[in-house]
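This document starts with one chain, in the form predicted alone, laid out as structure tokens.
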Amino acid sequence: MSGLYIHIPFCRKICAYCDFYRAAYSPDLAKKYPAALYDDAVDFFQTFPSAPRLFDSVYIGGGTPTVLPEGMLADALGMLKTLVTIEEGAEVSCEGNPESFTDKKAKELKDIGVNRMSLGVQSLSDKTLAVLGRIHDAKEAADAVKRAASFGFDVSADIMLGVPYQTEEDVKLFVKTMRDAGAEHLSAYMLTVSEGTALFDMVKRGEFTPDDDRTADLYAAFHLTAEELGYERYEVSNWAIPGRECRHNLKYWTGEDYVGLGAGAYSKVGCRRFHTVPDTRAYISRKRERITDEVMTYAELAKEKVVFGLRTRFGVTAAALADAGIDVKELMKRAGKYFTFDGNSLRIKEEYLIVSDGIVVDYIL
């Protein structure tokens, strides 16, 4: 089954570290966005007639989808549902920031079928939140997670690792607080300092120095605490109470197709991976352009499925390894230190998941 991704680029404030496509919130642009999404979808399915139209997961990401005024997401989904089918029982996720996830917004999202909230907490240190450019504080973050849980959403909370002023005690407190607040899923992303962000300028000025070893220690502290509290790591950056894994995100790691709508959205249909140019004004004025990032052969797709699958605790099946032309016996002779193979699935050993990318480069690619 396939997934539908809807990109909402608007943010109240641009965070210091963010290099996703986002734009400052504009009421004029926002009110035109639902119709632009519909027009995008019409064009998408005309251009790619083989693209899936039946989805068992929908992910509304951004940006900050919760900044949209009441009714706009309902309008967008209503129009899109005239073109696609969302399966009964589908996972429907929406990203949001604590300061814009109010009781009113929670009810609105429930009413339109959202059943999973992914909240950008990022830190429970007010000092760190300030330097990251976040406009919520630690209390607002915990309250937002509790609110989502109380409304019956499955709840995920994000944290950045390796950010300024962060300590191991901070990340342990994050896990414990989020568990107590009702989060069943956690995502921990190691900081990447990207050119063009405010954090990049801080590094250039010598106000902050990223430290990979320190970040690895923070990751280890996060992982151990999450395990102690009942979460299982199912992908390098994701932990969940068993059965609460993100169905949509797993599609990226298992090679399934996904349709991306919105300015800057990415898609994979068959052997082609492409994205819509990240320009909100052009997108709304119907001057969007789709850029092909790569067209893969069957062999390349098979190898990619192995590469992505090894990021997960589920690993890669023997059939998928055979499709990719990988001799498991030979691989285990060369790199058995890093892998386990039970006759059915190949996995990277738990203790090496944090460096899985390097292992894959050395022994798979």
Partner chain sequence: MPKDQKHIRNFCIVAHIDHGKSTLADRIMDLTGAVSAREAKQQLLDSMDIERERGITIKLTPVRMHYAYDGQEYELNLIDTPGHVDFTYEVSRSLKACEGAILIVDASQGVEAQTLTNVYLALDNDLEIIPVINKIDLPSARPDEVKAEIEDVIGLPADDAPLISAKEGIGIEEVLEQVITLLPPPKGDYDKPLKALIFDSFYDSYKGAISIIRVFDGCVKAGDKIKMMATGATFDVTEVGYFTPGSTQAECLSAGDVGYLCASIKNVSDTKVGDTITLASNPTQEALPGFKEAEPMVFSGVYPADGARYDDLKEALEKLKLNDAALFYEPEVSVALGFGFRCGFLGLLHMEIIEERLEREFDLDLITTAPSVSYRVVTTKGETIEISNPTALPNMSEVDHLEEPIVKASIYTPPEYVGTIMELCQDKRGNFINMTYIETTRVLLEYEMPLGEIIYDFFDSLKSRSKGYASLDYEMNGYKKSDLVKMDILLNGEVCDALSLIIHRDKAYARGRAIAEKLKDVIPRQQFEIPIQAAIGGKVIARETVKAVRKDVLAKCYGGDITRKKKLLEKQKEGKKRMRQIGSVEVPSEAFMTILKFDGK
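Numbering follows the first chain given and starts at 1. These figures come from a predicted structure and were not determined experimentally.
As for the form predicted in complex with its partner chain, it is not shown, yet the points below apply to it.
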Looking at A335, A35, V42, M296, which has any heavy atom no more than 4.5 Å from its partner chain in the model of the complex? M296
Exactly one of V236, L261, M72, A240 has a non-hydrogen atom within 4.5 Å of its partner chain in the model of the complex; which residue is it? V236
Is there any non-hydrogen atom of D217 lying within 4.5 Å of its partner chain in the model of the complex? yes
Answer for M190 alone: is it within 4.5 Å of its partner chain in the model of the complex, judged on heavy atom distances? yes
Flag F308 as yes or no: does it have a non-hydrogen atom within 4.5 angstroms of any non-hydrogen atom of its partner chain in the model of the complex? yes
Does any part of K127 reach within 4.5 Å of its partner chain in the model of the complex? Heavy atoms only, please. no
In the model of the complex, do D213, R273 and V361 all put a heavy atom within 4.5 Å of its partner chain? yes
Of the listed stretches (198 to 206, 134 to 142, 251 to 259, 75 to 83), which one has a non-hydrogen atom within 4.5 Å of its partner chain in the model of the complex? 251 to 259
